[in-house]
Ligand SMILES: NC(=O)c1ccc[n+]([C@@H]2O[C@H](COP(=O)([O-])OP(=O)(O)OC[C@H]3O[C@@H](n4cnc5c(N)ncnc54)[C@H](OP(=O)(O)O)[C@@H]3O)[C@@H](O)[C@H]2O)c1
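Here you get one chain, nothing else, as C-alpha cells; it is the form predicted on its own.
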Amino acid sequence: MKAVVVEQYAPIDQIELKDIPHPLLEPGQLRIRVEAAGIGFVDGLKIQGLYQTKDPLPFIPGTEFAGIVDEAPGRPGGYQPGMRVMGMTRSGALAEEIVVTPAALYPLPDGVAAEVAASFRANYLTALYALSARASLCAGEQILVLGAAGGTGVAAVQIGKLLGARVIAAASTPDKREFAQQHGADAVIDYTQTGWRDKLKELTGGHGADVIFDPVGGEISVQAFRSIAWRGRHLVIGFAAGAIPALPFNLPLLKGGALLGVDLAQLPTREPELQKRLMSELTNWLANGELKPVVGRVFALEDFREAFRTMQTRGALGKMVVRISR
C-alpha cells in the first residue's frame, strides 16, 4: 500500500511517499480503508521531531481520518465491513489503510463527506471540550478567539455560537477576518495592530473577554490575558506562534482569572466518559445540520507535501485535508 513514511525526523520536503506492506491485523482490531486524512499543526511538528512527545521511527504521520471498515474479525465494538467511520489515533492516517481498535473510531453520520469527517474530530472536539467542559462557557458570555481562521480557531467560533456566546474573532489578515465572520463571528479584531486591546474593550462594552480561546501563544497571549474579564478563563490550546509565553502571576491575581490547559490527547484515558458525551453532542449537531465543519483545501495523496506547507503558512484558512481513496 502507499503511505507517507517518516524514517528520520526532518522537514516535510525530505519525507517520502512509499510502497510498504499492508499493516498486520491483530485480535480485536479493525482494518480501515482510508478515504481522507486531516493535516494539523501537531502533525507538522511530529514529522520534524519537535512535538513534546516523539513517535518511534519509522512512523506514518496523521492522527485524524475517515474511511470504510474493510476487515472486522469478530465485529469488535459492533463494527462490521462496509461501515463508514471517522477516527483519531496517535499516528498512521496518511496511508491507504490503517489498523486500529474500536476505541479510535466513531460511526460517521449519513451524508457526511469523508473530507468533512477527516477535518472534524480533533478540531471540534478540542473546541467543545475547551469551551464547555474546561471553561464552562455560558450563553450570553463573550469569547475572544485568537487565530480564528485556523482549524481549531474556526471550530471555536462555530462551537461558541452554538453554545450561545458572543464571539469576537482575532486574526491577522483581512481574508482571515472575513473567513471568521463567514463562519459565525459577531465581530473581528486585527491583533497585529497597536491598540487592538482598546478595540476589544470597545467591542465588549468595557467588560473584557469572559473566555479566551488561545491556540497561538507568544506575546499575544499575555496581551490577551491583560484584557480578560473579572473571573475570566484563558484556555491554553497550543503555541502556533512558536513561543511559549510566560504569564506574570500578578495578572491572574488582579483579574481573578484562571489559566486552563486543554490537552485533547489525554481525554480518552483520563476522562473517557466525558469524551463519549462530547462526541455524541458533536455528531448530533453534525447529523442534524446545526454544525457544518469547515474544510480548508483538499489535496491528493501525491501532493501531501503541499498540504503540509500550506498548513504551515500564515495564509492557511481552516484545516488541510489529504484525499487518499474513493
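Treat the numbers as computed from the prediction; the structure is a model and nothing was measured. Throughout, we count residues from 1 along the sequence that is shown.
Below, we turn to the form predicted together with the ligand, even though it does not appear here.
- Comparing 225-233, 72-80, 123-131, 93-101 against the ligand in the predicted complex, the single stretch with non-hydrogen atoms within 4.5 angstroms of it is 123-131.
- With a 4.5 Å cutoff on heavy atoms, residue 181 does not count as touching the ligand in the predicted complex; it lies far away.
- For residue 215, a non-hydrogen atom is located within 4.5 Å of the ligand in the predicted complex, even though that partner is not displayed.
- In the predicted complex, the ligand stays beyond 4.5 Å of every heavy atom belonging to residue 157.
- Residue contact with the ligand in the predicted complex: residue 144 places no heavy atom within 4.5 Å of it.
- When you look in the predicted complex, the only residue of 117, 135, 168, 171 with a non-hydrogen atom within 4.5 Å of the ligand is 171.
- With the partner omitted here, the residue from 68, 294, 262, 286 that has a non-hydrogen atom within 4.5 angstroms of the ligand in the predicted complex is 262.
- Shown here without the ligand, the chain has 41, 42 in 41-63 lying with a heavy atom within 4.5 Å of that partner in the predicted complex.
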